[in-house]
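First comes one chain, alone, set out as structure tokens in the form predicted alone.
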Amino acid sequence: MLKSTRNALFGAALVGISFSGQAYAETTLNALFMAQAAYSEADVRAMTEAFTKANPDIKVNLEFVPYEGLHDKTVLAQGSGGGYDVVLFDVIWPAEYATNKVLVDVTDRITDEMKKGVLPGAWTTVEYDGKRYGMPWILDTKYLFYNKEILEKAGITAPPKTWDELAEQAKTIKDKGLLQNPIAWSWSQAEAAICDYTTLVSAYGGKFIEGGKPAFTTGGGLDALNYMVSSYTSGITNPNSKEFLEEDVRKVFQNGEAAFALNWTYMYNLANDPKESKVAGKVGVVPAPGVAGKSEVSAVNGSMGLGITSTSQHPEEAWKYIVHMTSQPTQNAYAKLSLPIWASSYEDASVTKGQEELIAAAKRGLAAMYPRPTTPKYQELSTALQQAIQEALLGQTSAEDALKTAAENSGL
């Protein structure tokens, strides 16, 4: 497996799609993106084509991988001494990437216009230890989507404002025979499950790390996992959620097989597209709920950035490409699957038209974004928590014991 991965990386410059304004391009950039949530492959190709038309001396090779392969592809390429010039990275990786010199510090490249124009919270996506390692690109959190028609049939007049209300409404829908398992989550043993768990941790006022040590074994961290287990064992949650990633959740929801689903921004317009979805025109979206006495809404920081690798031979051209991809005109033109990082974009009718409900949810959700732990040992911690969630959901151990084991295996 490792050998084939290295071979694939060795040929990375030959893989993917190339865009060039002219055949004699002097510089070739290799860029790594994900094929999953947020911007579609078609969007990224179109953005890139606009860049190469304006810069005919630069060619860009695009490679797309599932989110689950993004981190390892980036790190393995660094180890081989080549690979990519520009990489997409998750908000959870700057600590590791900065510590291990995977990304270039671009603090001095960021202009005053960027500093003033980008939403303040978006910068946390690319920061570690007071420095910035790229430009924020995807500004995202998970929202609660709901099927308006199913809620109406159940006699429910408003979506839930608390997680307990969500469970009650789902039980009503189940009891009335409208759906057997009304809620869909992405609880596969992957980072997706940590995003759902973090959303709940934020609602319950929990902490991941305190004083450098795990703090999720009690309080809000334990309450969050207990909620997940209760939702799963009571039958209000689709049992296949334990194997779902975000795209599985989207397909179930837009087939009309879920009344509620937690997912990223991109699902709103796809689930409302009659060509894609059976529930087009019936999709509601609100911030993820809160917990009475503790929070009004909840949200995970699921944002991502674009950075220059330390092995890139073309940092100037790479930065020029990143500036184009993250620019306000580019982001405004592709705001249907990922909302812009620029504050003034939210006053632009071309951005808000047709997705007013989503923008209203975003204003509250994005302001409440809660971070996953900032630690160079994040991958180790995440893997331990993923296993804990699975074991607790399957009843192999209690939520309390599962989290204690995760803490012991977290590397903290």
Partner chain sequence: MPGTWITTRAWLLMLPLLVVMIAVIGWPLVDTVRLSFTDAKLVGTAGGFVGLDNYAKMLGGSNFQRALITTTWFAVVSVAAEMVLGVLAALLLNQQFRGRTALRALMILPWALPTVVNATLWRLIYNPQYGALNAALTQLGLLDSYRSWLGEPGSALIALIVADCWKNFPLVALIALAALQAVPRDITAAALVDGAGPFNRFRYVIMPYLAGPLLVALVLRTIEAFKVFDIIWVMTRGGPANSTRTLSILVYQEAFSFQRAGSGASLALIVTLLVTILAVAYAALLRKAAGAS
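Numbering follows the first chain given and starts at 1. All values reported here derive from a predicted model rather than from experimental measurement.
We do not show the form predicted in complex with the partner chain, though everything after this point is about it.
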- Task: Can you work out whether the partner chain is within 4.5 angstroms of a heavy atom in all three of 26, 326 and 352 in the predicted complex?
- Result: no
- 235-243, 196-204, 336-344, 111-119: which one contacts the partner chain in the predicted complex at 4.5 Å, heavy atom to heavy atom? 235-243
- Although the partner chain is absent from this view, report whether residue 283 comes within 4.5 Å of it in the predicted complex, heavy atoms only. no
- Message: Can you tell me if residue 317 lies within 4.5 angstroms of the partner chain in the predicted complex, counting non-hydrogen atoms only?
- Response: no
- Query: Taking 4.5 angstroms as the cut-off for heavy atoms, does residue 219 touch the partner chain in the predicted complex?
  - Reply: no
- Message: Residue-level question: is residue 102 within 4.5 Å of the partner chain in the predicted complex, judged on heavy atoms?
- Response: yes
- Task: With the partner chain left out of view, choose which of 223, 90, 127, 96 has a non-hydrogen atom within 4.5 angstroms of it in the predicted complex.
- Result: 96
- Message: Within 4.5 Å, heavy atoms only, which of 61, 40, 379, 374 is in contact with the partner chain in the predicted complex?
- Response: 379
- Item | the partner chain in the predicted complex - contacting residues of 186-207, heavy atom within 4.5 Å | 188, 189, 190
